[in-house]
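Heads up, the chain below is alone and in the form predicted alone; it's given as structure tokens.
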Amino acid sequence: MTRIIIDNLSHKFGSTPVLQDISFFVDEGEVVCLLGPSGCGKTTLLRIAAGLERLQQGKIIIGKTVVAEASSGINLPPENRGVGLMFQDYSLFPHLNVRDNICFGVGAGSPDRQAWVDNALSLMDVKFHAESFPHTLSGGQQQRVALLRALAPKPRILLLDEPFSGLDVTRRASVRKETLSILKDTGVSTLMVTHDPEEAMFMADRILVMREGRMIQDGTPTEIYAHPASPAVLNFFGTINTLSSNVADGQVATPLGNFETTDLCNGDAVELFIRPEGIQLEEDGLNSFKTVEEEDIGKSTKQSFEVVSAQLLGNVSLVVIAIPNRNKEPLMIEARMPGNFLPDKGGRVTVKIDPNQVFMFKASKDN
């Protein structure tokens, strides 16, 4: 079985820590995504795994071979690690046609290899561009060719750095579907860098969430989305509504209702997060705005809230409502409703919350 193991990896640029105590593995045939914002160390980690940056601390094992170990000085060059590399600029050779780009350095003389190239060209929908040169191809076609070139040497591990970042939204969806298909077909262990949570959810068997050079959560897409380990993980998946409160009698009272908690203690200060898609709205016929007084907070009776704005964003509508906040400025809460739901500005809506889209964490400066 070919897997890559990263063990206790740390790295600095000068005196600045870039990666701190990173440990994880990618099993044979797995697609694992490193997800995080720009500057969190994702690409540096990929370059160290490939051998393009020298390991400073820790160990890297591919299959049964230690390819890098700081303590012993082992540091195999990239060509001896059995890795395939694909970076976001693709770096195709402009003087070679598609077939020659794919076969560069490995050849296609054997019948089996020739058959693989022909099948891969068909699978990635570039069969009729085999004799074309890179400058005549679209961005999506160049991406496919770059992927096939990385796979041609039959690498044990494939490393992808933001492979779809140069594509438009429509093209990106189709290309990543084709890419995932060929990755699963070849069975290559794949480590992919992305800053796009939707891309990670689609591509990955597991997602490794990074923040400021540290790994903050490792899990399946479902685990990461449904059970985020911290507000930092939660915020990777888009805009989030935040309310502050305290725990009393096992509940957290807010202007949007009471929410039960079993993980926090009475008196704890809490930050409560609600995804916009977890807020369901109905237009309300009330003519007056009922202010949420202190004694009303947390009651299950429906309250009417004012619409600040409503915009159609394709297949969803973004609606902003004002939530009274005792004697402070109203809270602006975002809701995303399916389809065309555009209540008038200044109109009234009632709110229902999906408890599966509500997350609570003890208030902390690090959140």
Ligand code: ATP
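Please read all numbers here as calculations on a predicted model, not as lab measurements. So that there is no doubt, residue numbering starts at 1 and follows the sequence shown.
Here the subject shifts to the form predicted together with this ligand, a form of this protein not shown in this document.
- Contact with this ligand in the predicted bound form, judged by any heavy atom within 4.5 Å, is made by just one of I323, C40, A50, M337: C40.
- A heavy atom within 4.5 Å of this ligand in the predicted bound form is found for exactly one of E162, E199, D268, E178: E162.
- Contact with this ligand in the predicted bound form, judged as any non-hydrogen atom within 4.5 angstroms, is confined among 59-67, 42-50, 22-30, 311-319 to 42-50.
- Taking the partner from elsewhere, V18 is found to have a heavy atom lying within 4.5 Å of this ligand in the predicted bound form.
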